[in-house]
Each structure stands twice: as structure tokens, then as C-alpha cells.
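Quick heads-up: it's one chain on its own, the form predicted on its own, in C-alpha cells.
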């Protein structure tokens, strides 16, 4: 673990920008989201977590896959430099590893190989993921439900811990270790620095609410597939899709061709199972015609289907959906209601 004085962190950021296309949290009015940056001065510091997730760095809301003109196809080229992301929280680092299971390694249980998405891989595989420890979690955070912690950086390349007068940088992968070996103006972390980091971690962990045990929720949800619990939960859902678009792990998309004559583009755009037309068939039939059916699909995917296919819940406990929902439909309360429901 190394130490960089607070006044020298701008030099570290500038070094990142020379080697990578750098994304970091930036304030836009009252909100904070990840943007490509050109200056260390534009990086937001006083935020709990970004309002938008970082998934659009690697999986944009609208992405041109290729252009076509009279039968000739031209693939969109990625940036010449690899990506680096500064300021990710642990929940978002984990979300990228979950999305990589779908788009990157693309392997389901039991060892079923699937299509690897080249658009995701060319951006994610060479990226440098730099996590900032979360010293002040929101009241809506529940990463501890899924084995996470505000200071757990095991899935990142580098974990950064802000201790007031300095930043501690802890390499968590070979990629992160090799990069830190090139960084100047650093010194080994002192014992008092490590002790302060441990204090901040304990304080952050203690601020989270108690863990709700999710063991058995996969079978529980399957057993309640046709029960009335979904109608009860979904009674106030308006199917706006805000939860899916703000979520760091939702990854449904549509593919559309836009153009005229023999010239145009094929574009991948975000979609969500919460929209009524998501499963509408050409015949007019819709297998998820009712709101409760769409809501059931979303939560079954999060806590049952993804677990069966990949061995992980498709939720990291970031709490963004809790914050953004216009009718206060809390995903934590949904899980508790499913586990306690008596039909």
C-alpha cells in the first residue's frame, strides 16, 4: 500500500489521463455522474455515490454497432487508448463484474458457453478500474446483503482510501500493481495511515443496516411464481422503468436499424422488462401484459434466474432504485415480503 499526499493527487490523475481515457465522477447541478474528464479539477469529491451508475461507460444507452452503405459494413472503432475509471464505489465495481459475466466471459452454469460481446470486451478487458472506498454510505445502501463492504476492493484493480490529508492506494490486481509501480511522488503507507483506514472501514461498516438473509430466496420466488404476492407488491408500480435505467446491473437492450435506402446504422439501445411493449409479440399477444407480471420478471431476474445461471444475485445493494422510485417501492422491502409471504 502506498501513500500520495492530497496536494499530489492531481499529478496522479494527470498521469492517468496521459495513459487512458479517464472517466470520473463529475457534478452536474445537483447530480453526480461519471463523465470523461480532461482536468483533475472537474472531479467531484464531496459525494456519497454517483446518482447514475457507471455502466454506460462500457454499455452506453445508445451505441452504434456498425454502419452500412450499399452492402458495405463499417464497424465503429473504439478509442485508441484504453479506459480508466476513477472513483467507483465497491457496489459499482461488483456490478461491472456481473455485467462481464453476461457480455464478457459469457458463461452460464454449468459451464455453458455463450456469445462474447466484442463491443463490451474491447472497452472492459483493458480497462483500469480504480475504486474509492466509501467512507460515508447512504441510508439506502445495502451492499452488505451480498457480502460487500464500503471498503471491500477485491474486485478492483486499485483501491483508494481517502484519509483526510492523503490518499492510500492499495493494488488489488496485477494490472493495478504494475501501474502503481510507474507512479511518482509516492511513499509507503505508515502504520498510522493504515490504522486510520481501518478506523474508517469499521465506521462505514457500522453505518449500514443489518444484513437481511437471502438464503433460500431462489426457491422461495419459484414457489411463489403464481401467488398473489406480486399483485400486492406491484399495486403501486407505474412501470416507469426508472429503476432499470438507474440500475448498475440491468442490461436488457433492443437493436434497431436507422437509415434510408441502402445506407444506415445499427444501434443498440437500452430497454427494460418493465415496459409493456418489451414482450409484445407481432401477433398482438403479450405474455407479460399486466404490471404485476413485469414486476415479477424484474425481481425474479435479480434474485432467482441470475443466481441459477451465474451463481450470483443481480443486485449489488447500491440503493439507487430506492432513491429514484417515484412511488417509494423499496427493493429491500420486496425481498423481505417475498421471504415472509404466507399464501
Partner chain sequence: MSNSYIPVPMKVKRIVIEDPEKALRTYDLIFQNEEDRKNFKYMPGQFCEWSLLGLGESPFGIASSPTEKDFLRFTVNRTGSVTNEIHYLREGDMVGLRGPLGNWYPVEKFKGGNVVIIGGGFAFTTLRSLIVYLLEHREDYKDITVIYGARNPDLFIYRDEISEWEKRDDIDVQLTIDNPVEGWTGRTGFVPTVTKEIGPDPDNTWVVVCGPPIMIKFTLPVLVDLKFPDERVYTSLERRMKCGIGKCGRCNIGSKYICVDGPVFSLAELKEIPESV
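Please read these numbers as outputs of a predicted model, since none were measured by experiment. Residue numbers count along the first chain shown, from 1.
What comes next is about the form predicted in complex with its partner chain, which is not displayed.
From the list 162 to 170, 131 to 139, 96 to 104, 81 to 89, the contact stretch for its partner chain in the predicted complex under a 4.5 Å heavy atom rule is 96 to 104. A heavy atom within 4.5 Å of its partner chain in the predicted complex is found for exactly one of 155, 175, 201, 266: 266. In terms of contact with its partner chain in the predicted complex, the residue from 188, 118, 147, 223 that brings a heavy atom within 4.5 Å is 118. In the predicted complex, none of the heavy atoms of residue 214 sits within 4.5 Å of a heavy atom of its partner chain. In the predicted complex, none of the heavy atoms of residue 313 sits within 4.5 Å of a heavy atom of its partner chain. Using a 4.5 angstroms limit between non-hydrogen atoms, residue 68 touches its partner chain in the predicted complex.
Within 4.5 Å of some heavy atom of its partner chain in the predicted complex lies at least one heavy atom of residue 277. The three residues 48, 52 and 240 each lack any heavy atom within 4.5 Å of its partner chain in the predicted complex. In sequence order, 277, 278, 279, 280, 281, 282, 283, 287, 288 are the residues of 273 to 292 having a heavy atom within 4.5 Å of its partner chain in the predicted complex; the partner itself is omitted from this view.
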